[in-house]
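Shown below, as structure tokens, is a lone chain in the form predicted on its own; questions about how it binds or moves come after it.
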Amino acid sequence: MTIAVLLKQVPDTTAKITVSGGRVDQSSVAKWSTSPYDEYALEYALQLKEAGAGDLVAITCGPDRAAKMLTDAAAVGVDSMLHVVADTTEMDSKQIQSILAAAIEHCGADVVLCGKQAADTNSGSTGPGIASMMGAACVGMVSEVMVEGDSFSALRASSSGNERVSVSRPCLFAFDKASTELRRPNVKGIMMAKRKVIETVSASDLGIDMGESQVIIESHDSPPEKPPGQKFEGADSVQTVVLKLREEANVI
């Protein structure tokens, strides 16, 4: 059995984002990282592998720079890596899902783990969309998954609290934040990862006809700057502060 974990490289949450010519200036992003929810998917994919569920392949779709993220995944225990090299900036969600579904089939995986949403787009459509294309069970908002014989047990959040769901293959788990501690590469893992070869393919290699994107991005805009804060000193300002909290901030 092969387990696939889907990883997306996004601007680090501490990186400054600038807009130039109506588009996010990706060249100005100083640091790129694995999308945070994908990190939890990777951790539990490694745990499934260690429990004997099968070999683990990390898959990403993105530009050349995303290869480093796959190498980092190999440094913590991923067996193999597949990089679909593509410029996804103008693709719609269905196009990306089609590529990833084909990549999963290419690897022969029938158990897939991913983040519930990416930190840059926050659409949350990748997991359910891929599961639909695979004809697989989809479990979202997952915070834990484990092997139970020939099936898998997942803990997820629901409107009435946490619930445990059991599914069989093929299946896809979309991860929320979990309580487990994420592992980080050590020196030995980094050195071993450098010897592993990343399989690089294109969408056409996977037999995907991209067609035209159904979504047109008109422009990106930076959020409006927040107004400067107000500072009050001394007991004489208490009445003014209370009025502002009640009438402007609506907090009392």
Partner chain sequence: MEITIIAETSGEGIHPVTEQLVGAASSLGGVITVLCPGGRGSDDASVISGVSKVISLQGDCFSSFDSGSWSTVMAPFSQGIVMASSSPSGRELGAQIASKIGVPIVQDITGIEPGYKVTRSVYSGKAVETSSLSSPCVVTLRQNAFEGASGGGSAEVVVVDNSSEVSVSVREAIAKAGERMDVSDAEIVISGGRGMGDPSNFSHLNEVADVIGAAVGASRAAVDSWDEIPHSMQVGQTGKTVNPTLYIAVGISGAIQHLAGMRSSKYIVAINKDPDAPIFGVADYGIVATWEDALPALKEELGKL
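Numbering follows the first chain given and starts at 1. Only the largest set of C-alpha atoms that superpose within 1.5 Å between the two forms is called the rigid core. Predicted, not measured: the structure shown is a model, and the values here were computed from it.
The following text describes the form predicted together with the partner chain, which does not appear among the structures shown.
To verify the annotation, which of these, V139, A74, C107, V84, has a non-hydrogen atom within 4.5 Å of the partner chain in the predicted bound form?
Residue within 4.5 Å of the partner: V139.
Looking at S28, N186, Q214, S204, which has any heavy atom no more than 4.5 Å from the partner chain in the predicted bound form?
Only one listed residue qualifies here, and that residue is Q214.
Taking any heavy atom pair closer than or equal to 4.5 Å as contact, tell me whether H220 reaches the partner chain in the predicted bound form.
Yes, contact at 4.5 Å.
Quick check on M1: any heavy atom within 4.5 Å of the partner chain in the predicted bound form?
No, M1 is distant from the partner.
Looking in the predicted bound form, any heavy atom of S20 within 4.5 Å of the partner chain?
No, S20 stays farther than 4.5 Å from the partner chain in the predicted bound form.
Any chance A131 has a heavy atom within 4.5 Å of the partner chain in the predicted bound form?
Answer yes; at least one heavy atom of A131 falls within 4.5 Å of the partner chain in the predicted bound form.
Hey, which residues along 73-106 are within 4.5 angstroms of the partner chain in the predicted bound form, non-hydrogen atoms only?
If the 4.5 Å heavy-atom criterion is applied to the partner chain in the predicted bound form, 73-106 yields D92, S93, K94, Q97.
For E212, is the CA shift between the shown form and the other one at least 2 Å following rigid-core superposition?
No; E212 is a residue whose C-alpha shifts by less than 2 Å between the shown form and the other one when the cores are overlaid.
Using the rigid core as the reference frame, would you say P228 shifts its C-alpha by 2 Å or more between the shown form and the other one?
The answer is yes; the displacement is at least 2 Å.
Indicate whether V19 shows a C-alpha shift of 2 Å or more between the shown form and the other one, with the rigid core used for the fit.
Not so; V19 is displaced by less than 2 Å.
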